[in-house]
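Presented as structure tokens, the chain that follows is alone, the form predicted alone.
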Amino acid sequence: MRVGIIAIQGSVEEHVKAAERALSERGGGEAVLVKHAGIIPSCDAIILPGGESTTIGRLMHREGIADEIKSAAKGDVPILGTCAGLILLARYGDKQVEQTNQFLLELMNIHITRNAFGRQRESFETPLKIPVIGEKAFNAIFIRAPAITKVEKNVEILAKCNGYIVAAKQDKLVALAFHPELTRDTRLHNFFFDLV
């Protein structure tokens, strides 16, 4: 399995290490950095990491990566978006997205709000029940986290926190408002890799 990690900005190194841990548990695979066009077509799965969504979106579009991600999604390639990645996967942004004319991939039928849980100083960790990965709670780390405020058709809600949807799945697209790559728990990465 070849996993492309969008390496423009954000928690790239953490996702590489988390993906490599999960892949080794599955018998092997490769995590590759995607900084320019031409790599996505050779990937079996794609990860959009957390970071600054406006910057990541603008640079993905400029580098031609965004169009390749859209084509991959049409070809049933699984895509995981965490934090900023969740924002980029969304079809519907909030007022902040509209005011800044932020680029969105518009792949998931979800409505999002940026910084739903507050600014950097309001970041937190909490045990989160995510039934699709088992009974044991997942230690979810929220850092300036967005949230899903509404889902449209074909979207499965995987978890909620403080009244917000924080994990969702649509076909082979998975959106998480938190950072699974900052934990040693590989269950969410393995859940995602099972979609390949």
Partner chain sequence: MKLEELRHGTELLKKGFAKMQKGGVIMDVTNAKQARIAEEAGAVAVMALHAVPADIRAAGGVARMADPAVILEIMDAVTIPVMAKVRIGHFVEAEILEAIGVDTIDESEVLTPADEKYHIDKLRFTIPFVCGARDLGEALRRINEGAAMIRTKGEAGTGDVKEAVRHMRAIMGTIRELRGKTDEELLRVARDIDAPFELVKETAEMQRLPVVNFAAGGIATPADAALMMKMGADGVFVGSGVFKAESPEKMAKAIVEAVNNYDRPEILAEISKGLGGAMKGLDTHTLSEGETLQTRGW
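This one's a predicted model, so the numbers in the text were calculated from it and none came from an experiment. Residue numbers count along the first chain shown, from 1.
Not on display, but discussed next: the form predicted in complex with the partner chain.
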item	value
Partner-contacting position among I133, V151, L59, V32 - heavy atom within 4.5 Å of the partner chain in the model of the complex	L59
Proximity to the partner chain in the model of the complex (heavy atom, within 4.5 Å), stretch among 40 to 48, 24 to 32, 66 to 74, 159 to 167	159 to 167
Proximity of D171 to the partner chain in the model of the complex, heavy atoms at 4.5 Å	no
In the model of the complex, E106 touching the partner chain (heavy atom, 4.5 Å)	no
Interface membership of E14, the partner chain in the model of the complex, 4.5 Å heavy atom rule	yes
Exercise: H111 in contact with the partner chain in the model of the complex, heavy atom 4.5 Å	no
Any residue of 120 to 147 that, in the model of the complex, places a heavy atom within 4.5 Å of the partner chain	Q120, R121, E122, S123, F124, E125, T126, P127, L128, N139, I141, F142, I143, R144
